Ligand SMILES: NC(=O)c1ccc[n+]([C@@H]2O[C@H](COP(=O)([O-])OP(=O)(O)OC[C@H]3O[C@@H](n4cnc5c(N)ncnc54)[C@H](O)[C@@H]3O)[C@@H](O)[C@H]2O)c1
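Starting off, we have a lone chain in the form predicted alone, written out as structure tokens.
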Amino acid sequence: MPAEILDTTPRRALVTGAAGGLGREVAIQLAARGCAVAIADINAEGAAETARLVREKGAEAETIVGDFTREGAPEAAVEKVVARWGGIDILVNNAGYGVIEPFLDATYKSWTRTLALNVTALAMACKAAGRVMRDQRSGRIINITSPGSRMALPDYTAYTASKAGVDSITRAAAVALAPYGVLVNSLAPGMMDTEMQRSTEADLARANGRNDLQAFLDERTRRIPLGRRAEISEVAEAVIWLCLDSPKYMTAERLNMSGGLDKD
């Protein structure tokens, strides 16, 4: 029998919100697996640093700096990846925004900004990448959702509602792209030590009149069945699994990575 021919072509990935936190770690781990990685973020300095770390792994990097809430920005990012590498194999929609705000004091501005980035921009990125992947007859899209999408959180409603939207988009995109061999799944991380998590919990403590931030954080950590917060690197490992290793029959699924906090 002839020897099996292995496909050694680097996978071409776009990671949004990759200037720091989970997005940066996903980009670095993709690079370590031999992927070419485009780093999209509004933070130019952070995106450049992530690109440097990607190149340290011996991978190609492309930085895409811009505001994904602007009309056409998600599509332009996908077009830039295709122009650089001839296609796109992986999209990780990680960019997100959230603000602590009591429901009865909610503002139009916060709701508009949250939904614009977490829902509309994500949907447009899925559409743009999905069209390329449809023509390729291959590709994987991973959307970062949240356990909060299935919780009643009156101080964080815009964010949790937006993540419920992410769950809905994931299922719809998965069904739309299934005939073309494109997989669309989501990952719901638990509490991680990211900048967004830290600022959100500090705001949440203030909104609840809690002056001892560490005591407040400890109480929240005790709610997690595993008794600890997630390491950014281990959540990224789960994203990488969905990007590269999960079975080709797995689509329209939500993978919980919350230490047991989200039990469904």
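So that there is no doubt, residue numbering starts at 1 and follows the sequence shown. What you see is a predicted model; the values in this text were computed from it and never measured.
Just so it is clear, the following notes concern the form predicted in complex with the named molecule, a form of the same protein that is not shown.
TODO: Give a yes/no on whether Pro74 approaches the named molecule to within 4.5 Å in the predicted complex, heavy atoms considered.
DONE: No.
Open item on the list: If we define contact as a non-hydrogen atom of the residue within 4.5 angstroms of the partner, is Asn43 a contact of the named molecule in the predicted complex?
Closed with: Yes, contact at 4.5 Å.
Open item on the list: Can you work out whether Ala48 and the named molecule are in contact in the predicted complex, taking contact to mean some heavy atom pair no more than 4.5 Å apart?
Closed with: Ala48 lies outside the contact set for the named molecule.
Open item on the list: If we define contact as a non-hydrogen atom of the residue within 4.5 angstroms of the partner, is Thr194 a contact of the named molecule in the predicted complex?
Closed with: Yes, Thr194 lies within 4.5 Å of the named molecule in the predicted complex.
Open item on the list: The chain here is shown without the named molecule. Which stretch in 83 to 91, 185 to 193, 170 to 178, 125 to 133 comes within 4.5 angstroms of it in the predicted complex, by heavy atom distance?
Closed with: Single hit among the candidates: 185 to 193.
Open item on the list: If you apply a 4.5 angstroms heavy atom cut-off, which residues in 65 to 84 are near the named molecule in the predicted complex?
Closed with: Heavy-atom contacts to the named molecule in the predicted complex: Gly66, Asp67, Phe68, Thr69.
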